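In the block that follows, a single chain appears as structure tokens, in the form predicted alone.
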């Protein structure tokens, strides 16, 4: 099987989805209105509410939602063979992710840019809102605590990535000034930003940076985690145009350059996909493809975290409601394209089937290492970039995505505390600084309280991320569907993905609970049970709200 065939089929499918399906959903279902006054204009404050160029906002939305998940998830899921992962990524992007992201932005913009949790209170009811926000808080806690660990390990394991990862922050600060203070043309600023970023990637391996093995009794890994949270806390309270927006924008451009290089290398080398289409020789202990495929690949098909970003930061910066199609749906396309590259590199970046099987000898293997190593091999053969620089470039790509997700995740967690302060009339919690300290504090308590001096406590609850995240996506679709029904518009375009996702995710969660019970892992069993009960109760509240709306409808 030629990797070129897979590449062209996947890109063609997603392009058609954007050109035709997204236009239909935007115009006929959500009825996006270019004259609607968005919250970015209505509440403009120069900090969180900032009307933004749609290309810049696309960069923010896409890189915030991407993280490392669209790379890691598909690179793990190919253990079942490349075909199931390919089909889920392509069709999931077209019919699930794009509609979900665009719908979450639309729902939030039509409700004063409220988060999906808060607007649940308006659409469904206060009890559902409280339950939903528990699920949201857990997802954000998992993302922030775990991504801190992931980035720290990348920096410890790849000292050459330290300069480009931290240097990108300085580049972003300059880019923000050039766009908003110097008012330079966006095209010129974009070129300067990309050149600066790739210059850092070139310099990084020549100036590796490592922290001491022990600083005040903390390992290098733990020291990086503390520095990352200190940075994220500062970033989360700065005006979005100063760091968050430009950092995400140039990272989005970096992705395009990286994807162009990867796709060009694939077209030149034309590597064969050595992995089987359907793997019938699965390693012992590999879970069943159904339902776990739809939980393992989240970002790149559909992800609940997208709804948090769409209704958390993106909706506050949307200049025109019609931009939701480009920012939201095309953001999903960007993730799908990245996941497609991950599938190709993790199945065609090996010399033989035996080499591939040696890596994929157990479930959970492959992942980011398969993406980086396979990509470095193809880039060296196709473009002539040395394996060392290629590996650094791909590592930096993963680390920057994880970093931008952590930036936005901590800001969103701050919003959650502020909304709780507003809901329960706790005035001090509604302020930015105390809410930020609470957000960082809960993450650090999990990281160091549960994980010890190494700071890896977030990994303890990570096994629940996939199912909790996908439940969140289903519940977001549930709220959007309810809004459409209340407006007497066709709802099957969100209801069908919703039904499929809820069934698969609930099955996955039940299987996980059974596994936790057998292993006597009472912590994860209890936490998973809380998530399951909360999700079921929110769904029941939505059904009740739907009945009420039908009773009052003319």
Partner chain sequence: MTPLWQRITHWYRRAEAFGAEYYNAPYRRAIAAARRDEEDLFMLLVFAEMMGIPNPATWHTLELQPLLLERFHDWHRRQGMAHSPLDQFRCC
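Source: prediction; values computed, not measured. Residue numbers count along the first chain shown, from 1. Just so we're on the same page, rigid core means the largest C-alpha set that superposes within 1.5 Å between forms.
The protein also exists as the form predicted together with the partner chain; that form is not presented, and the subsequent description refers to it.
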I'd like to know if residue 55 sits close to the partner chain in the predicted bound form, meaning any non-hydrogen atom pair within 4.5 angstroms. yes
Verify the contact flag for residue 245: yes if a non-hydrogen atom of it lies within 4.5 Å of a non-hydrogen atom of the partner chain in the predicted bound form, no if not. yes
Residue 249, heavy atom within 4.5 angstroms of the partner chain in the predicted bound form: yes
Flag residue 241 as yes or no: does it have a non-hydrogen atom within 4.5 angstroms of any non-hydrogen atom of the partner chain in the predicted bound form? yes
Give me the residue from 405, 317, 467, 392 that has a heavy atom within 4.5 Å of the partner chain in the predicted bound form. 317
I need to confirm a contact call. Of 230, 170, 195, 183, which residue comes within 4.5 Å of the partner chain in the predicted bound form, counting heavy atoms only? 183
Tell me, please, which stretch of 22-30, 485-493, 47-55, 519-527 lies within 4.5 angstroms of the partner chain in the predicted bound form when heavy atoms are compared? 47-55
Would the partner chain in the predicted bound form be within 4.5 angstroms of a non-hydrogen atom of every residue among 60, 187 and 256? yes
Residues of stretch 371-385 in contact with the partner chain in the predicted bound form (4.5 Å, non-hydrogen atom): none
Any chance the CA of residue 431 moves 2 angstroms or more between the shown form and the other one, core superposed? yes
Using a rigid core alignment, state whether the CA of residue 190 is displaced by 2 Å or more between the shown form and the other one. yes
After a core superposition, would you say residue 176 shifts its C-alpha by at least 2 Å between the shown form and the other one? yes
